[in-house]
Every structure is written in C-alpha cells, then in structure tokens.
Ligand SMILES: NC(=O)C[C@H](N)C(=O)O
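Just one chain follows, in the form predicted alone, and it is written as structure tokens.
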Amino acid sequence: MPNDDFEIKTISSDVNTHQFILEAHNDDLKCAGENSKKSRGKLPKIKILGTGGTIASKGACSSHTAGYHVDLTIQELLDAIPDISRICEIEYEQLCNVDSKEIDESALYSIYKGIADALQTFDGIVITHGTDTLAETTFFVDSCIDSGDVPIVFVGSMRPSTSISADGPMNLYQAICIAADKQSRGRGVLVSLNDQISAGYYSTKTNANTLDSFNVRQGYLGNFVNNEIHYYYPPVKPVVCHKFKLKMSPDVTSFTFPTVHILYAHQSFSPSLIDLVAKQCDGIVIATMGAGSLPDIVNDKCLHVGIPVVYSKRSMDGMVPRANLPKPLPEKEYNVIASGYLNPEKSRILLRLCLAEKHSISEIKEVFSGVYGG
C-alpha cells in the first residue's frame, strides 16, 4: 500500500547512480530536507601536489615544444586556469619541481607521503607530474595506497606553458574538476590528459611527442567534454591490482627498494648480459622479442641464475602468458616469471615491491598471476 506522506525523487535527472531520496510533503520534513541539501552542497576540498614536469615548464619561444625547462610553481599554474572557486576549495603544496626523468626513490616517497597525508582531510587529490614516467608513478601509487573513495588524479602535459595552444592549463582544470566530482569516487588512481580519463594502473605513454600520447586499452574510463564528465562504467578499481603495505619508520625520508634492472632483448642477444647484470641486482626484467620469446641459450641462462627473472615484452600491446616461459628445471625452484599484461617498467616496480616484502618465488608468481602472468 503506497505511503502518501513521501514522494520519491531521484538525486540526478539522468539517474546515473540509481540512488533515491525521500522528500516529505509536510513543512517540518521539508525543512529537514533543505538543511540536508545545504550540507550536501558544501564544496569539496581538493589538495594539489606539485612535482614539476612539462606542465610546469617554459620554452625559449612560443613555437618550441622541445628543449624547455621546469620553471613554474603550482601557484603559477593555477593562475593560468579559470576560476574554480565555485567548484571546490583548493590547497596546494610543492613537493618538488623536476622533470619526471628525475623522479627517484626520494621524490617517490614525497609523493607517497603527500597523498597519504591528504587522504585524511581532503575529498580529492591532484598531482601534477611529467608524462615520461607518469605511468610508473601511478602504477606504484595504485599498488601501495588504498585511497578508499577519494579520487587521486594525476595530470601532466605534452607542451610547455609557453607553447602555442599549451595543453597544460586545460588538463589541470579538467583534473581538478574530475577530482571534485562525486562520479570519480571509488575509482582509485586516475589520469587526466587530452580530454581523456584513464585508470592510472593501466596507463602507458606510447608517443613521445603528440598530445594523444597515452594508450589505455584496458583502462579507458571516460571523457571530459564541454565541462561535462562522462564515465562509461560504474565506479570500480582494477581487479588485478595487488596492494602492498609499506612498512616505514617515522624518520624515513626516502624509499629503499631492492635493485631490479631491465634488459632489452634483440637479435643476437648475448646470454653474458644476464650474468653481468645478475651480479649487481636482486631481480631482472627482460623486454622479450615477442610474447616471451628469447633465444634458447638465453632461456637456459635465465633458468640458472639465482634471482627472479620476469619475462615481459618490448611490444606496446599484448601479454606474456605462462605457457610461453622456458621449461622449468627439475632440480631447482622455477625462478622465471611471466609478466602477463605488464610492460617492463611496471613489471620492474611490481617485482621490487615483492622483493621488498621478501616474497618467495612462488609468492611472486602468485602476485603476477593477478595480471594473468606468474
């Protein structure tokens, strides 16, 4: 039997969340509803963390898109975008101001700590970052921080601020809007570039020059069009993402991870390189020539070194399945691991995190099985 005291109304006209509220007909309940609406109307608080990159760079003249240098602070970047006081409240912090090729364990720790601290008091976080290693940082953050519902949005640019049609101001504006939007909650780490919203876990830079520089075949989530945020799917985080809990003492100022090097395979790839590198590191990642393809003599060498060896791929897309690994030796633990869908640089990060937690070979394989490797 219907209750005539209440009328059901949707929160949004397009019913994009399929959520409902009850609005009372009598005056007292209406007042309560209005008060709750006012509280819901409070502007979200967004924290911006600056690390540098092309988005914070200046060139020699307006036609230069190479040879620029990092020079702008977060305050200067914000001065170049439209007023967002009606969208959110902003606080910002300059963690560092470097090209992303200079992001090392110390800078990575600053980013990690800045995000972890901001999660407690802000509704969304935006990090400005150079595009060259942005995909590595987003993969690391997604693997090490449980953000709950708080959006963590990375943003960069392909052109310096002084360039004709610089893409940085629009990218930053869109990233702030995305971080402040309720639709972005519960999606983990995001990347805002070139009107596109992507999953940070899957983002990969595939072009060194053009504005459309990132491939996100497995993580293309939505678009930003004319001040509208369009998501194609309900809120979800990458199901394959293994979470690591980093154990650090209060006086730590930098990460210290086991050493892992990447080798790029090619015709006439010498097995001596495996021996040479294995003496200097705790693990090796190989960008193989196909879906795990290496010369037999190199495969044999990999099976005899005493450290984990991850078989990744040098191709942009595709994966390395377990079936393409060399056959295990009967007398020792199988130390060769398939990277699944991960490229060499992300495989390196995942292997370092596993080694930092002192995982056995079988445990490392289990972690990589999450990305359909192992």
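Throughout, we count residues from 1 along the sequence that is shown. As the structure is a prediction and not an experimental result, all values here were calculated from the model.
Absent from the display: the form predicted together with the ligand. The rest refers to it.
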(message) Using a 4.5 Å heavy atom cut-off, which residue among 153, 197, 158, 135 comes into contact with the ligand in the predicted bound form?
(response) 158
(request) Go through 143, 97, 163, 100 and name the one with a heavy atom inside 4.5 Å of the ligand in the predicted bound form. (result) 100
(message) Using a 4.5 Å heavy atom cut-off, which of 293-301, 177-185, 84-92, 126-134 contacts the ligand in the predicted bound form?
(response) 126-134
(message) Residue-level contact is defined here as any heavy atom of the residue lying within 4.5 Å of the ligand in the predicted bound form; does residue 343 satisfy this criterion?
(response) no
